[in-house]
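Shown next as structure tokens: one chain only, the form predicted on its own.
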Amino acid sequence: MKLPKIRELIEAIKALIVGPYTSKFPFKPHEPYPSFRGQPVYNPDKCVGCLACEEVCPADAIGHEDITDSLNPKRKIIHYTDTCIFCGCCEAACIADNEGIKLSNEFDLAFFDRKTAEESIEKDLQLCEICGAVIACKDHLKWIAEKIGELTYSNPTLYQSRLKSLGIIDENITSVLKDHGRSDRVKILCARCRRETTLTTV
């Protein structure tokens, strides 16, 4: 048996005087370091529903579901805790100044049912006023409009969405004529319907 080294003796004496290095978890909550990478958490007020986090997630721990068969269409964004590797790619790719989803200090993520190992948020969807296709989340369109400023008025979809968010125009502005023509030009349209109405009126 080898004799203990001087360093080991010093550490043992420190442990006797100061106390053990380990925390008293689970009897006392453990406080991780501020830079600890724990569970990513969505901020509903900051997230714009752009799905950049889903695109960059290497573990496919983020998914979404567009619910369009209702009067108030929604996009449900889901983070699967049991699949997440806490890499931080979602926070780094967040277009909302990295505030839409952020890593937290939450590390105690034990659960008995894997179906409960997820968190989700819902964002309002903007649908095409002709075909009903998903365009984007309303908050995302608002974010784009604020970013490009006056250039918003070069795109009917953007400025109509912006005016609606400000409460300036009615939510139910739809044309009486559905001929995919001039009457449909100033509407919130998907790219396909925008192209069709443009070609029709040229």
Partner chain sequence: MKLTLRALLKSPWVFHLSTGSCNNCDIEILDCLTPRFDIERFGMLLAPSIKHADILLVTGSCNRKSVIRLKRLYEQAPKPCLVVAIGECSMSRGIFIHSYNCPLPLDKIIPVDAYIPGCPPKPEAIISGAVKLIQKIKGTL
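Computed from a prediction, not measured in an experiment: that's the story for all the values here. Positions refer to the first chain, counted from 1.
Form predicted together with the partner chain: not shown, discussed below.
- Residue contact with the partner chain in the predicted bound form: residue 84 places a heavy atom within 4.5 Å of it.
- Interface residue remark: residue 60 is counted as part of the site for the partner chain in the predicted bound form, having a heavy atom within 4.5 Å.
- Taking the partner from the other structure, the partner chain in the predicted bound form has no heavy atom within 4.5 Å of any heavy atom of residue 167.
- Within this chain, residue 108 lines the site of the partner chain in the predicted bound form, having a heavy atom no more than 4.5 Å away.
- Shown without its partner, the chain has 27, 30, 32, 36 in segment 27-50 as residues with a non-hydrogen atom within 4.5 angstroms of the partner chain in the predicted bound form.
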